[in-house]
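Each of two forms of one protein chain follows alone as structure tokens, named structure 1 and structure 2.
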Structure 1
């Protein structure tokens, strides 16, 4: 047996297929988010699944660039599957949406692809939903996006979640004059909450005094507004960044979501393009963030017109892992199973019922009588319908038997059925 024959019928590592109730859960989650984002006045964008590699690499950090799936077209151009939506939205905002009124509010839902080791809550193909608020560099814009992130988790019925909110501008102000290698060592040690490694990185950078003390303490500055006091006392750009974060937090209190938010000055992870707030949503029992986001005021300018922006991306599959469990049928049950028929009047009635929003299954295997009713029961449907010989009168059947109904009477009865 050849290797190709061995792989036939198997899925590649890191992808999954959904069917029956799981497919319905995913689509319901997508629909809930589309409805939520639309009610916040965000409009949907649908970028292409793949683009030129050089385009998708703009603003991406080393880890994300390494995780991209790349391939060649027939002209020898290097293409890549998208590993994140933000760069695509930035390109569209600069090149296609530059004449739209600001701020521009947009959202997206679709698959992204990353070559990384699959684990629970981490696949190589997954569904990402998110928003971008473009053209506003204000605390109000930051707070709106964080509040919308909290609302998105609530819409997906994730009950117990926390949003860790940091300020990359504060970290940048503290490390602005450092060489790139020193900066990255300090950032990684801070992100890993590793005091020993952080001390070594600060020693290697030759830092001392108040700046060193504040950098060394960042991983432990977690809580409410009180964690900003030392940074505000530092003065200059550091104090300005801390005050901006305080303004955002106060607005989140006004939004009514501060109970889910914790300030975390050690929150310095993320892509290289974050310039202001950065945040991630976490939940107990899941080793990966449900969502992450932040402010990226320098990315869109790399494609043309400079515009401030803030947004987040949410992993739908991860949210479903921690969603409040609900019993779901294996497949959406039809409201009515109709015996196969070729009368125009009967088919017209079926068409009308579907237009009214009912799920109607038309039998195509020639089932009749008890066989048809048994099939309907297996589908989770209580009622069957068959037309009389003239195709203008019908018999409605259930476990109690059959009775004659008119089209009008059938429509009235179906309004009373549950589901």
Structure 2
């Protein structure tokens, strides 16, 4: 019984609940992103919260698949809560959006669910927002999505961020002929930026010459266009991949966001998935990326309609953790507290004030005078209104006392109030 009562009051590990000010801040962030994506001509998709496990598994690597919440419907099928949106968007693009001109520009905002050990900035339910640009495999498409990722962080008032931009096509070209075990050892050591392990992995794969030199150097090739010189000189698919990344970088200069972008050839995560550029947005002091994305030209075809695609997903809670300056949760204080009343004229004025956009609290506990003013003050509201003469005139009260106002005068005066 005690344990049961404890459970009743407690939330499961790793999920959160937001109260008025925090909730308003989250909704503001969502609205800012919805507005931004819309200005870049992206349209929203709202997929269901759960789908068949088989569907959601299509785009998920082993780690994500391991982290999915699964359950059964009563027809015996296995369902899963979405662990990201990209697979759902891919399915929708392949099976539903035939009548749309290409490229498709889609965005999404909603909860995703991952069974992971909760830490600061990592919850089991969190809010992801992102875009997918589908049906265009060009440097301009790559650059648009990276520039939009930067604009998204700016829209969330994250000032201090960096986008690490890699090129999976380059790593793929360098390792295309290697056996899977060798390749994975090299990839892991590169990802971990561990020179000793990388040397051992290259030895084990029997690599020598320029290819070995380039692979051994990848983890340190971090900077601007100069880090691409060696790969450009390599020729073939490797040089092509480097040239593509250079084109994207130059477009990002034209977009005016290159100041946030660092080329990083050691970015080799998600190799099963990404086929071209890959990128992560990071902020100082946050142990997790704010956003991650890249080009994935092979996913949508798995749903029967081969289409190139590039996109990113952003963690809204993480972005709010590093908002600069840390925005104060806007506490939704009423503009005016109105003494409870049953006169139609008084309720009509309240209705009108609300139509004008004011936040009006009508007392329902029969409070009056000082008691009502104190209640208003506790909520950050300095004004109390009550009607006289059956709702034909009004008294506006504040800490200095009460004075008669007409409805017109009240509306004029409220325009001068802050908030």
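Note that the structure is predicted; figures quoted are calculated from it, not measured. Superpose the two forms; the largest set of C-alphas matching within 1.5 Å is the rigid core. Positions refer to the first chain, counted from 1.
- The form predicted alone corresponds to structure 1; structure 2 is the other form.
- Residue 147: CA moves less than 2 Å between the two structures after rigid-core fitting.
- Once the rigid core is used as the reference frame, the Cα position of residue 223 differs between the two structures by less than 2 Å.
- Relative to the superposed rigid core, residue 246 undergoes a CA displacement smaller than 2 Å between the two structures.
- Summarising the core-aligned comparison between the two structures, the C-alpha atom of residue 205 is found to shift 2.8 Å.
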